[in-house]
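Only one chain is included here, represented as C-alpha cells and corresponding to the form predicted on its own.
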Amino acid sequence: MIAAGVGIALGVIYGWMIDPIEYTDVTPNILREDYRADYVLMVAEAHQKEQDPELAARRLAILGSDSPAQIVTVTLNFAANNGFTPNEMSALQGLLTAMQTYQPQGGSVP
C-alpha cells in the first residue's frame, strides 16, 4: 500500500509540476462553448470597427465547417441564455446580419 501511494504521489507530481501537458498550435474549433462565444464576440466587436465582412467570415471559419451565419446564430443563442450585455448582443446581431448577406469574393469559401 505504501509503494502504491508513493507511486501515485510521484506520478501526480511528475504530471502536474515537472512535465505538464502544454497545448500549442491548436485550432480554436476545440474551444469550450463559452470560449467560442467569447471569440465570436471579439470578431463581432472587431467587425463593428472594421466593417469588413470578408475578414470577419475568415475569422469565423476557423471555428469549424458551419457557415459563418450559423456560428453567429449559435453564439447569439448562447449569449441570450448567459447574460451577455445589450451592447454585446447588438454587436453579435450586427455580425449576424453581415454574415447573412455576405457573399464570398472570387468563389473562395471561408
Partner chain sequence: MKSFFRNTTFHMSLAILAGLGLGLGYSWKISPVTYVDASPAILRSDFKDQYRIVIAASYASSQDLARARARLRLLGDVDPIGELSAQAQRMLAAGDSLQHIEPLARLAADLQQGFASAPPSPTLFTDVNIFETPISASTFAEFAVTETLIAQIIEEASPFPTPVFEQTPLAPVFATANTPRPTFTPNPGPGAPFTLVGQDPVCDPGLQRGLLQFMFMDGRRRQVAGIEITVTWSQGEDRFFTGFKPELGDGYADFVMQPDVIYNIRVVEGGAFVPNISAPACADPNGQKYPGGLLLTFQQP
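Because the structure is predicted, anything quoted here is derived from the model rather than measured. Positions refer to the first chain, counted from 1.
Beyond what is shown, the protein has a form predicted together with the partner chain; the following relates to that form.
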property: Contact flag, residue 26 vs the partner chain in the model of the complex, heavy atom cut 4.5 Å; result: yes
property: 4.5 Å heavy atom contact, residue 43 to the partner chain in the model of the complex; result: yes
property: Residue contact check: residue 30 to the partner chain in the model of the complex, 4.5 Å heavy atom; result: yes
property: The partner chain contact at residue 78 in the model of the complex, heavy atom, 4.5 Å; result: no
property: Residues in 84 to 99 with any heavy atom within 4.5 Å of the partner chain in the model of the complex; result: 86, 87, 88, 90
